[in-house]
Ligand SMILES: Cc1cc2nc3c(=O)[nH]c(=O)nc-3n(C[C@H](O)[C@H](O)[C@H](O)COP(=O)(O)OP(=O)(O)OC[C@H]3O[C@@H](n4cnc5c(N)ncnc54)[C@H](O)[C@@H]3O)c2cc1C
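The chain below stands alone, shown as structure tokens; this is the form predicted alone.
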Amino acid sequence: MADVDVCVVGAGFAGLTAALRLVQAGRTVAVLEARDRVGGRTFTDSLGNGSYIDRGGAWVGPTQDRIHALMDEFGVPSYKQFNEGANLVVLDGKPHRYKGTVPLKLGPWVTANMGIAFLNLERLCRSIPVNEPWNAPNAAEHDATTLATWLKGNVYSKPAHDLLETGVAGCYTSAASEVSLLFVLFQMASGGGPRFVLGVENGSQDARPVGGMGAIYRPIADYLGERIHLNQPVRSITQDADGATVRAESTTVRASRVIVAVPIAIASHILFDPQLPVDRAMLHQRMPGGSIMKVAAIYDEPFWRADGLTGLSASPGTAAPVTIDACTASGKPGILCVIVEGPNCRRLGRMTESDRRQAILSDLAIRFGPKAANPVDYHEQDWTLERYSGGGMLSHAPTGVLTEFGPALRAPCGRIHWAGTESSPVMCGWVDGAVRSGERAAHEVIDLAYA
């Protein structure tokens, strides 16, 4: 049995950052990770010849200070997301080119609906206190309303509705009918509002780390070394007066404190003794993950750039509803990332692999021309099937959850502390939020020694 000051459960960015800060503060640490790799909901996969794809989280934004600080600490530079040219939106089979966050050339009715909806979302986001969204004005009303209901009552143009549903609901990898409006407003407010959330330049997709997210998490893992134990899904955590015992697949750790840094949807798989307080236990039951698939279609070169396109496109309801240029800093090979979320992802997941690939590439060819139908390589990552992720890239709150159980998101339960991007009041849902949560949990533990 290992005996340490702190046991960290999960080696995604939240757990790795928590362990890093604890070790730097002189604490002994053991990190238990269920997978055979570190990185959690980020996963950089090498393709050889210096090329790589990010199968999970990939982007960093200008106000995401903590992930940038971590990059500076380990000497990881970034490069700007390619954004020179026009974006594409396809409605009723017709492509439209535009620049910026909101397409403005879809007709006055569509444009007005899009613009008003953005203004309303921005106004509502400003009313949300991110540290306690359950105390926002009209919190109960917003938490009783789904995003789908809000869209139906505020966006009357069908093309505008479809685009907003694809863009906004896609952030939660779920149908708009599955997500509380209060949660949407909180999550967007945590990042500065809808224009940051959905934006590229100066938005949440402004830049990428050179070498992918793995260029950040791998050196942290190297620093932690043998403190990380892979293939160790945690089965139980038992607290007593003197500490906590964490039992994993083939390892047992005795610690003074435990930081659980796994998705909320996965935390319910752990047996806690004594049982967790009711609000925290209910939170585990009521914040599921969604469905998301990331596809990398790889070409000899990014031919869409020569055609005056950024690679960013949207076509609601298709097999390739959202695409974005995912090339490395060198620009070669050409990589188009296809992001499929929510019900659309579940529909594609029921198809055979060959039929799904054909459907996706056919949609890309309609949008970008015949070259898009013939990639030199093709990779799929269906996070819905990832056992230790619990679905999408962010556990979301359906109606009624935040106002009833939200205060339990960060509150320690005895010797157990909580980390994970969902628990961060700033940049909730991004890697930066995960880093912030890990640092916050580490400081909670460190501060206890001086209390």
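Values in this document were obtained by computation on a predicted structure and should not be read as measured data. For every residue, the number given is its place in the sequence shown, counted from 1.
Below, we turn to the form predicted together with this ligand, even though it does not appear here.
Is every one of Tyr52, Arg356 and Ala372 in contact with this ligand in the predicted bound form, taking contact as a heavy atom within 4.5 Å?
Contact check failed for every one of Tyr52, Arg356 and Ala372.
Answer with one of Ile270, Leu91, Leu224, Ala148: the residue that has a non-hydrogen atom within 4.5 Å of this ligand in the predicted bound form.
The option sitting close enough to the partner is Ile270.
Are any of the heavy atoms in Trp383 no more than 4.5 Å from a heavy atom of this ligand in the predicted bound form?
Trp383: yes, in contact with this ligand in the predicted bound form.
With the partner left out here, check for me: in the predicted bound form, does some heavy atom of Ala261 sit within 4.5 Å of this ligand?
Yes.
Contact between Ala19 and this ligand in the predicted bound form at 4.5 Å, heavy atoms?
Result no; Ala19 lies far from this ligand in the predicted bound form.
Against this ligand in the predicted bound form, would Val234 count as a contact residue? Criterion: heavy atoms within 4.5 Å.
Judged by the heavy-atom cut-off of 4.5 Å, Val234 is in contact with this ligand in the predicted bound form.
Pick from 22-30, 407-415, 391-399, 44-52: which stretch has a heavy atom within 4.5 Å of this ligand in the predicted bound form?
Stretch 391-399 is the one.
Taking this ligand as it sits in the predicted bound form, which residues of 37-61 have a non-hydrogen atom within 4.5 Å of it? Please list them.
Gly39, Gly40, Arg41, Thr42, Arg55, Gly56, Gly57, Ala58, Trp59 sit within 4.5 Å of the partner.
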